[in-house]
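The chain below stands alone, shown as structure tokens; this is the form predicted on its own.
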Amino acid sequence: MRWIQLGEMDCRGIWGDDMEREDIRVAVVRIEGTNCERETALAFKRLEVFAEEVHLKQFYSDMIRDEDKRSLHDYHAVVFPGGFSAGDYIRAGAIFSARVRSVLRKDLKKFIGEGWPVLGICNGFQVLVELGALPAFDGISEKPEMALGINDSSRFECRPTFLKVENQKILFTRNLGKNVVMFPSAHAEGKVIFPSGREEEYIERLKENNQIVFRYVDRNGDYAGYPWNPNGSIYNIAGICNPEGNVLGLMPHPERAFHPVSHPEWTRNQQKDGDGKGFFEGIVSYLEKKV
């Protein structure tokens, strides 16, 4: 076993051919109102990776016991999970992102710049957008460059969602092994919105950078409107990454599709694994090989 330097702190890890899965450390960051941290951590644990639910206060508060204090550089991947952080007051993800910005912005920027994976699922996607970490055309921006607005139906939408994998080369998707996956959706504010009058500019820029990762489709893999697109997102966008491909935000929940029984037609499909398992395996396999 050897040690590597991550940022300003020593972080345990074995890279290259010697890397063992149990040496990979994943933080699932929570605050009051997040509610998917347990399922997300379990997805990694099922792949024999060390994952823990970490409250944001553990990164900065003097009220935390020494043994419970954490640094972002203690980990190899960071996930912002789904839920309704801080009750989604003001707007979804705004309070969570403001707190992250005030105490972790510098560390998070360094973490992303070093190529470590950062994932935002549902509410986590909203947090990354509010932070300016997505779409991040020119790096993390000082203010949001896009928004995730109220669904066109003006109500909470919860259903199985089919997604076309538009970019199969980034670490999050290279292990999926299929063009269309099913991840459930459960949100009220998931509509991708770009600045008025600049929608086509944003879409073209995302396409040029291969930043569009998932798009909503019907069960046949064809782009379609409601209810297949549950929120009315422009260009049927369900998930995007940063230009480097190590930051991903998506509205549907891969952690809820880890097992085949999560699929609404699992008895017919006879799948060995749920589509979400391949998603998380992509993150883990990337970290096993990262130098």
Partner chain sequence: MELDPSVYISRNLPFELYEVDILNASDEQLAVISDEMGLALSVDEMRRIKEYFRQKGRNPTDIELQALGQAWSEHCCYKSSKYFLKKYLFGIEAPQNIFVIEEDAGVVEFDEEHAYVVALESHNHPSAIEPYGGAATGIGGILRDVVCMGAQPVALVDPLFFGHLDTPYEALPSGVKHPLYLMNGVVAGIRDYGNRVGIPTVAGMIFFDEGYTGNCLVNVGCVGIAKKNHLIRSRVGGVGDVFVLVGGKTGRDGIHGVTFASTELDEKSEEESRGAVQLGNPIVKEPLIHACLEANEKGLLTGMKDLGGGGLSCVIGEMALAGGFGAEVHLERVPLKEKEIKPWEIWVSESQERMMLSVRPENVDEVLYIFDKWDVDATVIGKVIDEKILRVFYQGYKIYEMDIEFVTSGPEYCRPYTVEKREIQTSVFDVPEPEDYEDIFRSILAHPNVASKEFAIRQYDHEVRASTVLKPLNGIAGWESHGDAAVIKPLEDSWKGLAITSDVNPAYTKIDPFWGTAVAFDEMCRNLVAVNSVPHSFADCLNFGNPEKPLRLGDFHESVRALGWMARNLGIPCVSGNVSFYNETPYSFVPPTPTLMGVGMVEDVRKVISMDLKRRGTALILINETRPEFGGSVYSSVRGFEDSNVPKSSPEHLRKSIETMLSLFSNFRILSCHDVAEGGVAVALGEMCIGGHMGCEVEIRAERADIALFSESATRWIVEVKEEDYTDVVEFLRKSGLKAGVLGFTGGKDMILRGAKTTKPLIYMNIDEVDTTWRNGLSRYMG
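The structure displayed is predicted, hence computed values, not measured ones. Numbering follows the first chain given and starts at 1.
What comes next is about the form predicted in complex with its partner chain, which is not displayed.
Just one of 103, 140, 186, 203 comes within 4.5 Å of its partner chain in the model of the complex, counting any heavy atom, and that one is 186. When contacts are defined as a non-hydrogen atom within 4.5 Å, all of 38, 42 and 262 contact its partner chain in the model of the complex. Taking non-hydrogen atoms only, residue 116 never approaches its partner chain to within 4.5 angstroms in the model of the complex.
In the model of the complex, its partner chain sits within 4.5 Å of a heavy atom of residue 160.
Its partner chain is not shown here, and in the model of the complex it never comes within 4.5 Å of any heavy atom of residue 48.
Taking non-hydrogen atoms only, residue 169 never approaches its partner chain to within 4.5 angstroms in the model of the complex.
This chain is displayed without its partner chain, yet in the model of the complex the stretch 84-92 from 125-133, 108-116, 207-215, 84-92 comes within 4.5 Å of it by heavy atoms. Taking a 4.5 Å heavy atom cutoff to its partner chain in the model of the complex, the contacting residues in 219-247 are 219, 228.
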